[in-house]
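Below you'll find only one chain, the form predicted alone, shown as structure tokens.
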Amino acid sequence: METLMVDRVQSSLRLLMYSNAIFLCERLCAEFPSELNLQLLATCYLLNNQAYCAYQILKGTKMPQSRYLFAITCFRMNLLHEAEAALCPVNEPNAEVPNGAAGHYLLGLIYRFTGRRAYAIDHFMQALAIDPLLWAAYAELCALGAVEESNEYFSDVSAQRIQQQHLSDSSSHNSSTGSEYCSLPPTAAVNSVDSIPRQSKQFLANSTREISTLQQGVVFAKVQTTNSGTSNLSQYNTPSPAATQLSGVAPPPLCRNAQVFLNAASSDGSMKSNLNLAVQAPRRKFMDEGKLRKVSGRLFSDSGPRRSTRLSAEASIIANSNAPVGGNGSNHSAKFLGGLSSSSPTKANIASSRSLTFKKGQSWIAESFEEGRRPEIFDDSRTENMATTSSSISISADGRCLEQVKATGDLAHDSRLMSGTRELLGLLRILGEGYRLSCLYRCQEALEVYLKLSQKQFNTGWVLSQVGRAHFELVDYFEADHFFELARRVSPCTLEGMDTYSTVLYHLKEEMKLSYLAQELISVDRLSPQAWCVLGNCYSLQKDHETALKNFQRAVHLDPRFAYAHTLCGHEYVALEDFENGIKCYQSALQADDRHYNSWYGLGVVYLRQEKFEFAEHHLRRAYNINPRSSVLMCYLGMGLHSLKRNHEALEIMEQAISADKQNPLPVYQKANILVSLKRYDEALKELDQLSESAPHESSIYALMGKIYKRLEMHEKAMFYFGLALDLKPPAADVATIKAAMEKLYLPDEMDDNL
């Protein structure tokens, strides 16, 4: 009963019928209370998103698998310290982490979210050392910035480790499943030795074991004898491959002594059971014609002259003397003898009784019978002794046949396994290198790596999203929009990266596309944080910051470890000038991901506005160290240094920002501002003249030029540029400042430096 219930529970889980699985598993635990059954019930609850139920069931359990499931439960419930205690018990400091690579990966996540970066990196590396194909651990290492090259993790050493694990897993699986492969259907047969799977090899091995345990005088053919004395030899059902699938070439059977001993079969009851078992054994085609000739020639030459050929001839003549051949006049046994044929049934029988073996050009004739010669009649004891001798000889030769075939199949399988492993690791090496470079914000290099992928792999949702993200970090919003749109076409239900896509549309001010994207993602999955981030960006673009904030908070509620949702909340608080709550949101984002440079940047901007310049410089430098190729971060760091009166350092980093992105006008403007503070007015005017050509609608450019001309006491030009700035409709705060400067044009240094 217990076995049946467990099977039904597992079947329900496979069919995703979680409620049915929970019901049956509760009955199972009530009837047969054990920790193994409790594990199964907890698994049902976890798959049904009822972690709190699994928590109550698994609390206090001691088995390794129970501890792992309990740690998963605690992790989902954000009880990280309990999860750590389950995986690494305090009273057992030397206890092994359960579930190998998966356990180390989970422990690495726990250490990461509790701020212990070094321990997290160590366990992620251990997980990859155990299972080189655990991509999730590699992705976490990339997110932590701890990967130097992907070749270290997807090398030939990893391929050998994967092959060893695969072979050990398959051998343990075969030993546990035992003889279940002995009843494989005929459709499981394969066409050549090179493509024999593990199941077929196991079948051959099991057949060898079964043959070695058979009693003497085993019968491999079923003989149907009628009352009239005729016999039908058309059915030769042996464990050997089906000869009808080959073109006139006899295969090397597992037992070539497949002949009929009528007197032994009629007198021994146990032989009838063996007869029926042999008849039911499936036939298998496992070799093509060319390979068959080579293998069969070698196998027959090794066996030498066989007495079994004499016995088979005697049995054939006994069974066929004075009897017509069944069927359409052709003896089916000729198929097993290389397609021999004769002009008459008698000659066919006589020809089929001759068995020749060839070795180095020399032939031995095992036994020969002439036409018309009456066969010698043996008594029962002599027949029994001869059958025993021939059976032992044939079984020993067939053992060598099986060993050679299995060895050939094993070598071919190992070669294919190694080739497939290297091919897979080659793919992961490219993807891993591209992802590593993206996480290090070396986006141009990452794009070049992704282009090495095949067309099939490149045109997938994940890769296209990564390419779009790389263009976003390069501030190439149009290309980013293009690739994210392609990712949506390839995989319409993809949620990963859609928060970044919404930010791209926000910068492009694509209200319609952003609104449509929000509706689509909400319809796909209302419980995904990405969908609510997209909706929040949609409201933020419309300057409805309060509604946008509510949507971002909804995303945080759905996934408290989603760092970007915390950062977007901080941006909305800053837009509402609630700096205190904005700082809290940025700090929460850094607790989830301390390499999320957007939060470091947000904190730096807040402290700049609060005129806490040292704090601003610290946080902006942290952001710059994470993403040293961002022109925007360089520019704001220069602004922080300028505020600290470190103008020469500020000028250097502004030059770097201009070189990093020549299309960004902000660092040029800030460089001119720094030159003004150093009283290098001519250089500042030159920079602003060039900037006005690339950004002619920026009012702040003309306001700063007016300020410079005022200091040079060129009042007419100053008034002209102040007027141009007002005509471009600047923000309200700037309007008031410009008007005040125009009113006090002839008074020295009355204009605010914030222009």
Partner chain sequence: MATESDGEEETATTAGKLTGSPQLSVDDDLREMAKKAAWSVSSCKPGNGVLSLRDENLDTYWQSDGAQPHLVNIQFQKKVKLQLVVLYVDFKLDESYTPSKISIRAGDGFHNLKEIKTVELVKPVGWVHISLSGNDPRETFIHTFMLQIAVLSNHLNGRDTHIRQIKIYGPRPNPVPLQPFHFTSKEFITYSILR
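Take the two forms, superpose them, and find the largest set of C-alpha atoms that agree within 1.5 Å; that set is the rigid core. Please read all numbers here as calculations on a predicted model, not as lab measurements. Positions refer to the first chain, counted from 1.
Absent from the display: the form predicted in complex with the partner chain. The rest refers to it.
Participant: With the distance limit set at 4.5 angstroms and only heavy atoms considered, check whether 71, 99 and 138 all reach the partner chain in the predicted complex.
Facilitator: Spot residues vs the partner chain: no contact at all.
Participant: Check each of 41, 51, 719, 691 and return the one that places a heavy atom within 4.5 angstroms of the partner chain in the predicted complex.
Facilitator: Only one listed residue qualifies here, and that residue is 691.
Participant: Pick from 601, 153, 484, 562: which residue has any heavy atom within 4.5 angstroms of the partner chain in the predicted complex?
Facilitator: Among 601, 153, 484, 562, a heavy atom within 4.5 Å of the partner chain in the predicted complex occurs only for 601.
Participant: Flag residue 477 as yes or no: does it have a non-hydrogen atom within 4.5 angstroms of any non-hydrogen atom of the partner chain in the predicted complex?
Facilitator: Yes - in the predicted complex, heavy atoms of residue 477 and the partner chain come within 4.5 Å of each other.
Participant: Could you confirm whether residue 670 comes within 4.5 Å of the partner chain in the predicted complex, counting heavy atoms only?
Facilitator: Yes.
Participant: With the cut-off set at 4.5 Å between non-hydrogen atoms, does residue 131 touch the partner chain in the predicted complex?
Facilitator: No, residue 131 sits far enough from the partner chain in the predicted complex that none of its heavy atoms falls within 4.5 Å.
Participant: Considering only heavy atoms, tell me if residue 124 and the partner chain come within 4.5 Å of each other in the predicted complex.
Facilitator: Judged by the heavy-atom cut-off of 4.5 Å, residue 124 is well away from the partner chain in the predicted complex.
Participant: For the chain shown here without its partner, which stretch in 637-645, 431-439, 111-119, 461-469 has non-hydrogen atoms within 4.5 angstroms of the partner chain in the predicted complex?
Facilitator: Of the options given, it is 637-645.
Participant: Would you mind checking 31-61 for residues with a heavy atom within 4.5 Å of the partner chain in the predicted complex?
Facilitator: If the 4.5 Å heavy-atom criterion is applied to the partner chain in the predicted complex, 31-61 yields nothing.
Participant: Can a Cα shift of no less than 2 Å be assigned to residue 64 between this form and the one not shown, given superposition on the rigid core?
Facilitator: Moves: no, less than 2 Å.
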